[in-house]
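Before any questions on binding or motion, here is one chain by itself as structure tokens, the form predicted alone.
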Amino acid sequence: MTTTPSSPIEQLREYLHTTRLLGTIHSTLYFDQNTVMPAAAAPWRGEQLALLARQIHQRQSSREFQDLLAAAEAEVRPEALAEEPAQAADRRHNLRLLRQELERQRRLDPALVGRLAQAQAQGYAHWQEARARSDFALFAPALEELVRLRQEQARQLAEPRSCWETLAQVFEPEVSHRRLAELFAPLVEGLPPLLERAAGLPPLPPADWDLPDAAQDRLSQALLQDWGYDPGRCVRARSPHPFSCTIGPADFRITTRVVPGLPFSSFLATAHEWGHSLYEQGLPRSDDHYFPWPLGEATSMGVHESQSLFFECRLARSAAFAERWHPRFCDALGRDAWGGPRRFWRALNPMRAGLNRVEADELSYSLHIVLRYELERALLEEGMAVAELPQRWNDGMERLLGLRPANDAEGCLQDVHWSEGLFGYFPSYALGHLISAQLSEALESELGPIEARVAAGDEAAIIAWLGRRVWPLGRRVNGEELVERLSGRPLDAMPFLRHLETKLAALAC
């Protein structure tokens, strides 16, 4: 009996499935590297990751892939396609995204791809040591290599954008310096006066308490259970820097860390990273989309960050949430260290400038991002020497936040991103705040106040709304298109600034 050959679309799907398997093996090794891998294994892990990166790049740029994609493109031409219009549009969009990525990959030298993967693994190991010793000089050579390699990557891609803009496209499609200037200028102008106002808020409760690791773990796990954590599909571990990682269609990982003297850190990081993971779990998951089609991927990192910041800031830092969770923290501590739920809410929202981005509240957070964005541009496009980074960082912190780090660990070594050469990522964090604010207004126009839902313990309704309106869109739209579709207006900074004004007024009462 003769077997009917599969269609070009099916052949392409099988090819992409194998490529995705390799990519998730890479993600598994990365998760292991950040959680349990011994430090001495870093050189070998670098070789493993470099090998996989070369293999993935080869598949993403091969003649076989080009031929399969061309045949699939011919199959979905309007005159050749007898499908429902929506399904046909999705297939064409998937193929356009694949064509775009193929053209990018074909421009890259495979040797550069391998060197980058190895430099990232080595950079991470050097960063860990440098941060532990608070000695930037231990990390500087690795950072210099990563800057050089990323500049070479931008040259090979040869896009009609600047070096930084080219590198940022993978995180934020269509992002530009011009658009970031439009969105960030109101933050640079509006946030410092709000920080001055915040200085007049009622004083924070005395910082005379901490929680044992085990108690922090129990609280974090209780939060996850309340918000739909499924231990059959999800894992929580520890790492030096919290992150979320999707390894398969039913394999979602998050990490947190316990910071001595910062007993809210692990809890809020859990809320943040679970927001990332819920978004990943809510992306289109049919065979035609998530594995392996691009429409099943995240819209952008700005949208990704909007979800994590929503769960951290709009839910876990809300007054209604503090009212409900105050008794649990009192039980974990064995006493009320705050003097009631309202002062507990105040402790969850310090609203003051601090040195650490990850621990920053909504008010000061975006100024941290502006600094990192300025420094990335200086390193990649303006000729700033890596050796100047600690001084430029400290000067920028003093200018934007009125603080000066005492050492490299609390200064330019605090973030993991540059150790992996992830230039172009940081603005997505600030964009996440702006997107979250505008989506929150859209959500409240349909569901009513978020605070009322949280007070009723009905976060499930909020999660369900996001699962209907935001997460299933995947890459059908970019970040700004998503915001305009749901809110009816272009993205801007004013909804976020309005939210901060409202919150400050409530905290002052």
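We number the residues from 1 along the sequence you see. Values in this document were obtained by computation on a predicted structure and should not be read as measured data.
Below, we turn to the form predicted together with another copy of the chain, even though it does not appear here.
Heavy atoms of every residue among Asp32, Ala39 and Pro249 are located within 4.5 Å of another copy of the chain in the predicted bound form. In summary, among the residues Gly228, Pro212, Pro231, Pro110, the only one with a non-hydrogen atom within 4.5 Å of another copy of the chain in the predicted bound form is Pro231. For the options Ser440, Gln55, Asn478, Ser61, the residue carrying a heavy atom within 4.5 angstroms of another copy of the chain in the predicted bound form is Gln55. Taking the partner from elsewhere, Ala132 is found to have every heavy atom lying beyond 4.5 Å of another copy of the chain in the predicted bound form.
Among residues of the shown chain, Arg498 is not one whose heavy atoms approach another copy of the chain to within 4.5 Å in the predicted bound form. Although the partner is absent here, Arg489 is not a contact residue: none of its heavy atoms lies within 4.5 angstroms of another copy of the chain in the predicted bound form. In the predicted bound form, another copy of the chain lies within 4.5 Å of some heavy atom of Thr24. With another copy of the chain omitted here, the record of contacts in the predicted bound form names 41-49 of 41-49, 63-71, 451-459, 468-476, defined by a heavy atom within 4.5 Å.
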